[in-house]
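The chain below stands alone and is given in structure tokens; this is the form predicted alone.
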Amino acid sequence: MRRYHVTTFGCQMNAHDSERIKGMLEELGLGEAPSPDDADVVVFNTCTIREKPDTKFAAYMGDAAARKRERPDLVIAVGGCYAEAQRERLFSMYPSVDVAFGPGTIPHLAEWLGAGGFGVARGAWGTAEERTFAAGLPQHRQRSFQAWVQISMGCNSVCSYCIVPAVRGREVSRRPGDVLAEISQLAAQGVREVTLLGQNVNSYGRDLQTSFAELLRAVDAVAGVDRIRFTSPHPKDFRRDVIEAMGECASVCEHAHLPLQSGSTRILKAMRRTYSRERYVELATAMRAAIPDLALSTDVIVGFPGESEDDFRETLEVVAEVGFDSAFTFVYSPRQGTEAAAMPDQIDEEVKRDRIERLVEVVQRGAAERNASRVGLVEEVLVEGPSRTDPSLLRGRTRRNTTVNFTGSAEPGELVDVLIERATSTTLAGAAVRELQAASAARS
């Protein structure tokens, strides 16, 4: 049997796309290889939102090119956002690449691989006009009880630092009936948690005369789905009806990812984020008031062109004021073709490093305090498997999307009540309540 290996860089949308790529290749008769070294077809599903994924991809490609020199029949396929961004020069940059495809042309990959016969016509490409949802492809999920569900593709925002609209195109919503049909099928297969995906998930439906709030309520009505998550939203589109749906729908988890990017209104304006510091804080406050026990995570960029020390201090103030449960922190990385890359007053790398360290310290201090407040509570945990650091423990996530390592016995996909006994800035630890009760009964 010929075998494939898929390496995924970047966001949750890429994770979803890679599951579809794997399913499609398996339908062609390929088996999954444990590493690229053992594969006949190597697929890189790339990201280009920052410089780090580009550099990492280049290193992986160097290894793949060396293997191809030893094995000329090795097929190398490159997809995703970096491939689309480098459409005009990818094959000249990496001569060992056989096939390339953008984020919206995954369904054509099988065709370009010679419909399973590997009669590869080197240089195959899709076009932006061919963009289609990958949801019709077979899916190889990482876990049988969790699933990504794509509800839209593309983005209509014009953030000055972001390359995503250029590589993923204008926003297109998937028909609600198709989304609900997929989720109903997943529920019938035993999926307990679905995550709705889009580049700007809460602007869903405006091209279909519907809304994200309506979709949330419809998904909540699907029998068998215990948890609904979604990512990534934009603060400008977090409207009252979405907040109300989150508070009223039993399956929608008490967690929202609310990208801040900067706490300075001046920098937010330069970023073209279309909200101010004050508006963001008001939104976070309103969400916490409407959704009891809500956890908020965020994205923050430091070192954006022109960011002064005062601007950065404002970011630290907002992070402390809002009290995020977790945060993804990034050093600004110029992306070719974006407005911000050509801005004056680019920030020195040493200043960026200093600021990111100070930001991480504030984030971790706040997250540690918020997690410490969970000690003594009982949390519902969806079991994912053994702990990554201690195989004698189980690992899972709360509805608030916090990782919990705990003692007890349970199968992956099971919902277990866990008494929280300890906390760090990133995780909780405890014991399964049923085991504690059994032990107490045995002692008495």
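Because the structure is a prediction, the values reported are computed rather than measured. Counting begins at 1, following the sequence as shown.
The discussion below concerns the form predicted together with 5'-deoxyadenosine, not included here.
- Within 4.5 Å of 5'-deoxyadenosine in the predicted bound form, a heavy atom is found for all three of Gln261, Phe330 and Ser333.
- Taking Asp299, Glu171, Glu339, Asp241 one by one, only a single residue has any non-hydrogen atom within 4.5 Å of 5'-deoxyadenosine in the predicted bound form, and it is Asp299.
- In summary, among the residues Leu394, Leu30, Ile49, Leu382, the only one with a non-hydrogen atom within 4.5 Å of 5'-deoxyadenosine in the predicted bound form is Ile49.
- Between 357-365, 186-194, 311-319, 159-167, the stretch whose residues reach within 4.5 angstroms of 5'-deoxyadenosine in the predicted bound form through a non-hydrogen atom is 159-167.
- Residues from 263-281 do not approach 5'-deoxyadenosine in the predicted bound form: none has a non-hydrogen atom within 4.5 Å of it.
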